[in-house]
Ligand code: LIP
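Quick setup: one chain, the form predicted on its own, written in structure tokens, and binding and motion questions come after.
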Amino acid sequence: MAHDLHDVAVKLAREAGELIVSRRAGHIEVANTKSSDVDVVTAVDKETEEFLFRRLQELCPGDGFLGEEGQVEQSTTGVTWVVDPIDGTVNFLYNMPHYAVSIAAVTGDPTPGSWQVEAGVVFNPVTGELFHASLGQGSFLGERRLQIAKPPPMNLALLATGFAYSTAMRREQVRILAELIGEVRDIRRMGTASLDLAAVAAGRVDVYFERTLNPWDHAAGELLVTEAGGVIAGIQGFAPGARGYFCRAPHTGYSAEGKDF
């Protein structure tokens, strides 16, 4: 089943990517905001999610759908598609070529910590990089199989992170990062969670940690990491998700405990 779901996810990520690139050639404006003034949505986000919802109804009737922009459909097959049509919307808005279509097929309860991610695709339609994985079959960038290498000691590790939309949370995150910057090689904040997870799988960063993630931010990316041999963890006993999301190579000794950012 995972292989069939993988093929659907790859196909639809490419189709959605074509739509996004064609729309980005025109003028892009903010359609509305969500949790705060900086949590923006464009008309292309909504159009792309509606496109993916319709295509999945055609290709996989009965499957559920959970999308960032509000499309929700209960599953009658046991499979739910968890979709972020444009992860990194602010990058997209400013025409920075670092955003992605993120599509995952999960079984069971479609809740982080309860689901089983069967297939995941993270596609940057600007660069053409396609990260993809299916359960038990490995993680790939195009045709190249990904394998997390032995990590460096923490003082030489490159950390990726992101910021919340809440002003209070952002300030706290910056405070913690100011404490942490002297303990690692450097910190990257690139603005697209799914591509941060893909970067861990590909060995482009050593560690990724973030707070306030939503299911569609990490569903596809976490399978990329685990199928490449990485480890996903929460903090303070919670499942990986909104309270804290931490990924790395196994047996590193790195820990997010006590780092509330």
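Start at 1 with the first residue shown and count on from there. All of these numbers come straight from a predicted model, not from anything done at the bench.
Not on display, but discussed next: the form predicted together with the named molecule.
The single contact residue among Glu68, Asp206, Glu227, Asp63, judged by any heavy atom lying within 4.5 Å of the named molecule in the predicted complex, is Glu68. Site annotation in the predicted complex: the residue of Lys150, Arg175, Arg144, Arg189 reaching within 4.5 Å of the named molecule with a heavy atom is Arg189.
Heavy atoms of Ile103 never reach within 4.5 Å of the named molecule in the predicted complex, leaving it off the interface. At a distance threshold of 4.5 angstroms between non-hydrogen atoms, Ala193 is in contact with the named molecule in the predicted complex. Put simply, Ile86 is close to the named molecule in the predicted complex: some heavy atom of it is within 4.5 Å. Looking at Glu49, you'd find every heavy atom of it more than 4.5 angstroms from the named molecule in the predicted complex.
Considering the named molecule in the predicted complex, the lone stretch of 72-80, 105-113, 121-129, 156-164 in range is 156-164 [heavy atom distance within 4.5 Å].
Residues from 212-227 that approach the named molecule in the predicted complex with a non-hydrogen atom closer than or equal to 4.5 Å are Leu213, Asp217, in the order they occur in the chain.
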